[in-house]
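Consider the single chain below, provided in structure tokens and representing the form predicted on its own.
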Amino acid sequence: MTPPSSWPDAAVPIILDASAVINLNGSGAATEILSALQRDFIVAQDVYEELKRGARNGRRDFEALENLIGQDVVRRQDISAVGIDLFEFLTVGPSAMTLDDGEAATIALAFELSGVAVIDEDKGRRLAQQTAAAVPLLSSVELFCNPIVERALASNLADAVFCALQQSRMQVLSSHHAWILELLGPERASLCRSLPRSVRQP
């Protein structure tokens, strides 16, 4: 059963936050997923720089992102004057009301391009809805449960999702818990520590 989704029209750009890039990389099927969807996938320059800094600590997500860019399935873009005010609003102020540069840039670029932001963290989604309500949101798991991806990966889909959950600790919205449990089965779901206990031990 594929859960409801808020997928936009094909012409709408999709802006990936760092967590989405990390989850795709962790799945081992990033190229297949993004190529199958055939959308305009973008990472904000601040997300690119965030992952580049992570490479200095031994993380390989920047290298994987560079490969995706080299394959023309993802491109990077900086915020212009249109989105800079929103970016600054989301990064300056009390910590409870601000985000890191990558999340803020993802939301601001989606606002600027009339695109969709792929955000997983609760705080980022909440502030996006409060400050840029016109920006539609997707979560990482919705990149996997899109019917196009389900058909493209076929029997490999469960392995890809399992790897994203285990390797990248992908966060899953409650609306997709049943889909995850059905896809993985209770035994494999119980091994994914990023899932709530109610999913791991139904």
Partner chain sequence: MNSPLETMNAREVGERLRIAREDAKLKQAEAAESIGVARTTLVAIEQGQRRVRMDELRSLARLYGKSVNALLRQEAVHADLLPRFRKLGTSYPDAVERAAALLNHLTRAEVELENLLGIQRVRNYPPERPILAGDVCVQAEQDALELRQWLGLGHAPIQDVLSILERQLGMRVFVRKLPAEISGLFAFDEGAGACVLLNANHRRGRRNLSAAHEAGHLVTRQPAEVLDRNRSEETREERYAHAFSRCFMMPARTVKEQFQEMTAGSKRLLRQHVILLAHIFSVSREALVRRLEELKLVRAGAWEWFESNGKITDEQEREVLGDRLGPDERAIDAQAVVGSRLALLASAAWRQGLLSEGQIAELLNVDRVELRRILQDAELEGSNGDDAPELLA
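Residue numbers count along the first chain shown, from 1. Every value quoted in this text rests on a predicted model; they were computed, and no experiment measured them.
A second form of this protein, the form predicted together with the partner chain, is not displayed here; the remarks below concern that form.
The contact residue chosen from Thr91, Ser114, Gln71, Gln129 relative to the partner chain in the predicted bound form is Thr91, the criterion being a non-hydrogen atom within 4.5 angstroms.
Contact with the partner chain in the predicted bound form, defined as any heavy atom within 4.5 Å, is confined among 150-158, 168-176, 62-70, 32-40 to 168-176. In the predicted bound form, none of the heavy atoms of Val82 sits within 4.5 Å of a heavy atom of the partner chain. Among residues of the shown chain, Val118 is not one whose heavy atoms approach the partner chain to within 4.5 Å in the predicted bound form. Looking at Arg75, you'd find every heavy atom of it more than 4.5 angstroms from the partner chain in the predicted bound form. Looking at Ile15, you'd find every heavy atom of it more than 4.5 angstroms from the partner chain in the predicted bound form. Residues of 36-54 placing a heavy atom within 4.5 Å of the partner chain in the predicted bound form, in sequence order: Gln45, Asp46, Glu49, Glu50, Arg53.
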